[in-house]
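Presented as C-alpha cells, the chain that follows is alone, the form predicted on its own.
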C-alpha cells in the first residue's frame, strides 16, 4: 500500500511553491533588517540616531533569519541537485554573502561596547555592508539564473561548474542586483518611517520614496531586457511530471522571449509583475502621505510580486544551464524522492505555523516607536 497520498507531480509543485514562499518570506522579513542596515549611514547622522536604528532591528533580526535557514534547508532536502550545483558553482558569492551577514550580529553586539566615535563608525559601516551586500548579491544570483549558469554534468551526474565569480557580474545580473537592492532599501525605509520619529523618519521617507521609484524603473527595465535581450529556456521533449529525477533525460532549446511563454499561455499571470509595480507605487504614496501601515504592506506586496515574477517566468526551470541546456535543472527532474517530499511536507505543516505564530508574537511585543528616550529606559538596549 502506498503511504504517500499525493502524486509525485503534486508534491513537486507544492515544494516549488513552498520554496518560493520561504524565499519570499526572507525577502519580506529579512529585507527589513537588510534595508535598515543599508540605510544606517544615510538616515542616521548622530550616534543617538544610529542607536535608534540598531535597536529597531536588533531584537528581531535573528528570528527573521529563520526564513533564510528554512529556504536553504528546503533546497538541501527537497532539491538536492540544486543545492549541490548552486552552492559549489556560486561558492565565492555564497562566501561573500555569509561574511557580510556575519558582520550584522557582530556589529549589533560590539558597537555599543566602546564609547568611541571611530569604533562605532566602523561597526556602523559594517552593518551597512551586512545589509547592502547581501541585498545586491541575492539579486545578482537571480539575474544569473535567468541568464543560465555555466554548469554541466559528467557521466556520473556530478555537476561541473565552468564559470567564475567575475563572470557572474554581467550587466543584466547587476541590473537584477540593483532591483533587489532598491526593493529592500524601500522595505527598510518604510519600517524606519513607521517606527521612528523626527529627522530619522523624515530622511527615511525621502530615501524610501526615491528607492520605491527606482524599484519601479529598474524592474521595468529588467522586464524589457527579458523581452528583448535575454534568451530564455524551453523544454522541447515530452516531460513526465511523475518521472525519476534525471536532469539529462530531456532536450531544451534556448530562445528569445522564452521567459515570457508562461504569461502568453496564461495572461492572468501578468497580474504578478503588475503587483510589483503597483506595490512600489503604493509604498511611494504611503510614505508621501505618512501612512506607515500602507507603506509597509505595499512594500511587502511589491517584494512578493517581484520575487514571484522571477519564479513564474522561469517555471518549470529552477537552474538553467548555459553550458549544456539539456542539463538544466527543473521542477520535474531535480527533486528528492516522492517519500522524502511527503515527509518534509508533513514536518513543514507542523513547524511552519509555530514559526508564523512566534514571528507575529515577537512583532507584537516589539511594536511601537523606537526613540532615544525609550532606549534610555531600556537596560537591554544596544
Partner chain sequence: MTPVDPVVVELSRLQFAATAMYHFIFVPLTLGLSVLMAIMETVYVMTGREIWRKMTLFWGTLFGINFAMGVATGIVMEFQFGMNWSYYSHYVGDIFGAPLAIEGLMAFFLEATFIGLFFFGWDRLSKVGHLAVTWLMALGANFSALWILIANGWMQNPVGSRFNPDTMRMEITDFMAVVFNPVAQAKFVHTVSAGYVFGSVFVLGVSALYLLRGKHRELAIRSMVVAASFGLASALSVVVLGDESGYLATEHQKMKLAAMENMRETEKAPASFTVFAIPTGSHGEEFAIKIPWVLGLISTRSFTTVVPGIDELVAHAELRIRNGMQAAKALAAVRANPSDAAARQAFDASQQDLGYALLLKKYRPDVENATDAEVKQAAGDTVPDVWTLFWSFHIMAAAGFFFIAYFAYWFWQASFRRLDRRRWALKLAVIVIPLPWIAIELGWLVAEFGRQPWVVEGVLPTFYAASGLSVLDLGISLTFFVVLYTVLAIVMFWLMWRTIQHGPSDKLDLTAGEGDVSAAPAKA
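Quick caveat: nothing in here was measured; it's all calculated off a predicted structure. Residue numbers count along the first chain shown, from 1.
Below, we refer to the form predicted together with the partner chain, which is not included among the displayed structures.
Residue 123 belongs to the set of residues with a heavy atom inside 4.5 Å of the partner chain in the predicted bound form.
Interface residue remark: residue 51 is counted as part of the site for the partner chain in the predicted bound form, having a heavy atom within 4.5 Å. Residue contact check for residue 159: one or more of its heavy atoms lie within 4.5 Å of the partner chain in the predicted bound form. The partner chain in the predicted bound form is not approached by residue 274, whose heavy atoms all lie more than 4.5 angstroms from it. Annotated contact segment (heavy atom within 4.5 Å of the partner chain in the predicted bound form): 71-79, selected among 125-133, 184-192, 276-284, 71-79. Annotation for 318-356: interface residues with the partner chain in the predicted bound form are 335, 336, 337, 339, 340, 343, 344, 347, 348, 351, 352, 355 [heavy atom within 4.5 Å].
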